[in-house]
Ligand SMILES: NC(=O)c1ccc[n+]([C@@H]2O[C@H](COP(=O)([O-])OP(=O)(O)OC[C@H]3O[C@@H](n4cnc5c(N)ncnc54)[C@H](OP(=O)(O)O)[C@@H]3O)[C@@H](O)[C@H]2O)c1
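Only one chain is given next, in structure tokens, and it is the form predicted alone.
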């Protein structure tokens, strides 16, 4: 049985399905997580047969803490180690002005998009320490690096996920665990389609126009996101940790040639911009 194991949340459709198929072809055994049992069964049944790899699927609502706890137990029962954890599952949550949001849905968004990935890291990092390291990949999504009006829950969760990843990356460096975030770009997914369904009145004209453009002209390629995820899971990315990486705009394919620069700098991280950064000498002492 292949010893390389990857756990992927939200793997029954969209980017999660593409990630699952690419990691399977790359030789990883898989633990696939999603809310849709039908989608998971279809995916598992269509993976190319390989007796050296193992795949298990687990229906889990990441909004339910008890189910997430059971998931972590099941994974350890089925595998001797976890090499890669990909926190891909996410929901947009309520759109529109915060004052008009259903706050129960706002809290649910924080649970799924932030607390669930944090809990999975809390559960699996000790295991990775015991087994010699691993790679954790968190999908940051839009809203992590700048204000995203009408998506306050989603943007808050994603910004929190990036800062959490940076923080945990510092804690886990001594144990051979690297933690990075991927900014995938706007992709033609069901998640983005929700913006078209809600309309500009809820999502805002800018977001609605962007979603419409992606669905009519095409958006970021999921295959390119999978390429970056596979790189971050591989030995080639050792030494790269605590970074927020754009699939489209960063030359990540060559980052392994500049590990000293990356590890000694705050590039590709969330940081406060001060006056001197923009030439406003009046703003700083």
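Numbering follows the first chain given and starts at 1. Everything quoted here is computed from the prediction, not taken from an experiment.
Just so it is clear, the following notes concern the form predicted together with this ligand, a form of the same protein that is not shown.
Which one, 163 to 171, 87 to 95, 74 to 82, 121 to 129, holds residues whose non-hydrogen atoms are within 4.5 Å of this ligand in the model of the complex?
-> Of the stretches listed, the one contacting the partner is 87 to 95.
Counting only non-hydrogen atoms and a 4.5 angstroms cut-off, does residue 140 reach this ligand in the model of the complex?
-> Heavy-atom contact with this ligand at 4.5 Å: present for residue 140.
Is residue 69 close enough to touch this ligand in the model of the complex, meaning at least one heavy atom pair within 4.5 Å?
-> No, residue 69 is distant from the partner.
Does residue 227 make contact with this ligand in the model of the complex, using a 4.5 Å heavy atom cut-off?
-> Residue 227: no, not in contact with this ligand in the model of the complex.
Is residue 22 a contact residue for this ligand in the model of the complex, using a 4.5 Å heavy atom cut-off?
-> It does not: once this ligand is placed as it appears in the model of the complex, residue 22 has no heavy atom within 4.5 Å of it.
Residues within 4.5 Å of this ligand in the model of the complex, restricted to 160 to 174 and counted by heavy atom | Sequence-ordered list is empty.
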